[in-house]
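We begin with a single chain expressed as structure tokens, specifically the form predicted alone.
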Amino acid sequence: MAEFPSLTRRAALLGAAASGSLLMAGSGAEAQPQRPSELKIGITTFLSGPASVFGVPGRQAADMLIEEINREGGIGGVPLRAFYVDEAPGTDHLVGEYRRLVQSEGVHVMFASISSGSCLACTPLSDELRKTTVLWDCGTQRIFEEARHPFAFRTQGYGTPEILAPLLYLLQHRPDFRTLAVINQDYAWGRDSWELWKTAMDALKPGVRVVAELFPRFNSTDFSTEITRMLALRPDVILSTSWGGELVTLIRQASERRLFERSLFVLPVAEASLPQLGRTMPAGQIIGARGDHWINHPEPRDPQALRRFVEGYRQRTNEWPIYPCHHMAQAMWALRAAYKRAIEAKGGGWPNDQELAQAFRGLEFPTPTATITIREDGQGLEDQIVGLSSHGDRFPYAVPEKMILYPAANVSTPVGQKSTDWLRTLKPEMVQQAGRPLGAG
């Protein structure tokens, strides 16, 4: 980890016209701060636009958890206060707000973001401003594979395990498939997730014929052309890593035209759309949750804690929590654990920015379903659960049955490697070795 400027260096920086932001970052990081009157957290999320179907639940979860933590005495005796930034206006707006919150509002920690593009824009700022930044939801594998970021940490999984686990499930559930089509949103996540899937599939099951690669424009509302083509091609499997309103529309239109009767769908990020779909979601499709936090998890680490979180969110919002809610909770729980660790390391003193960042590295913190470890490169290891969509009396929408849990260490790219390079090395025997069945589903 880089050393911070000395007091002499700081004095020299005062005379440099271009060093304002660096000075602020350095002085905040190297100082031995007094315990503040409030712990300020900047949180970037989508509060408007199509992606607000993820962003608003994330904020609602943050508000609920901050109130709970404050009722319990805060973190280290300090109450939390959130400053929210809407991601919807774009990365230029986001970068400006990040700087404003750090330099003018004096936030202690930044939480960023839902969009992978937002995270790619904000993470370099954590380096420049030396401000601990928690990547609370974005999935791009590029963050920690392309550069080292001493002040950035992701408190959940990411694209590679979230794509690999459903592929492994498919290969175990339906190993005889021969043809596949993909229909993904035409932007970074849609393209990158397809590259991850295709690379791993070629290694684990060579010879699968890709009959169509369809990338309708982002925010599409009519998939009739794509559905007509897939009905004609009749692929054994249809992959879609789409999310939000577009996934809901695709599933509804595909169901109306009975496409689910001809092809098996694999939907790695379906969980967040299932409450909105209700019983429209056909049974027997492969569904993922970007983690292990299904509300019908048969073997959670702490069943009562999971029940409290789900019921608390439902009572507050009249909605079921979806994965951005769980990811926001994981970020809050990690923050609490990191401050506890840093304060104990200082013998009860309040940590500065560098000391807080050091506390995140190698941190283990519990969630209701498992324990998450943050690796030395800043990446969180989160287990993945995949199953088949099913309907019952307990929930008004589809939840998984015949679940398989894939431990994070088995499906995550090793430190220091690129995901695509690692995926090319996978062997077919991994299909039977990587996961274990859970309960009765």
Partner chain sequence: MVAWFEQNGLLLGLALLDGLAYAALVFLVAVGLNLVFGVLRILNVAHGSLYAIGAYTAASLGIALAAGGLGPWASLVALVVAAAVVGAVLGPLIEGLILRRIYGQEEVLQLLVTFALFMILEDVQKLVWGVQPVHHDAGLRWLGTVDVPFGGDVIPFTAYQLYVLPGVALLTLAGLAWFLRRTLTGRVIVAVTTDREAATAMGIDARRVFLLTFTFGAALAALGGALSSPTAALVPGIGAQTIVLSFAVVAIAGLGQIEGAALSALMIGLGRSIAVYFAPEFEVVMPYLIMVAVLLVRPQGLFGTTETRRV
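Residue numbers count along the first chain shown, from 1. Since this is a predicted model, take the numbers as computed values, not measurements.
Missing here is the form predicted in complex with its partner chain; even so, the following discussion is about that form.
A heavy atom within 4.5 Å of its partner chain in the model of the complex is found for exactly one of Pro300, Pro235, Gly76, Gly244: Gly244.
Think of it this way: in the model of the complex, its partner chain has a heavy atom of just one of Leu381, Leu388, Ile69, Val53 within 4.5 Å, and the residue is Val53. Comparing 356-364, 159-167, 318-326, 334-342 against its partner chain in the model of the complex, the single stretch with non-hydrogen atoms within 4.5 angstroms of it is 318-326.
At the 4.5 Å threshold, heavy atoms of Glu256 reach its partner chain in the model of the complex. Although the partner is absent here, Val415 sits far enough away that none of its heavy atoms falls within 4.5 Å of its partner chain in the model of the complex. The closest non-hydrogen atom of Leu306 lies beyond 4.5 Å of its partner chain in the model of the complex.
The closest non-hydrogen atom of Glu145 lies beyond 4.5 Å of its partner chain in the model of the complex. Although the partner is absent from the chain shown here, none of Ala181, Asp202 and Gly284 has a heavy atom within 4.5 Å of its partner chain in the model of the complex.
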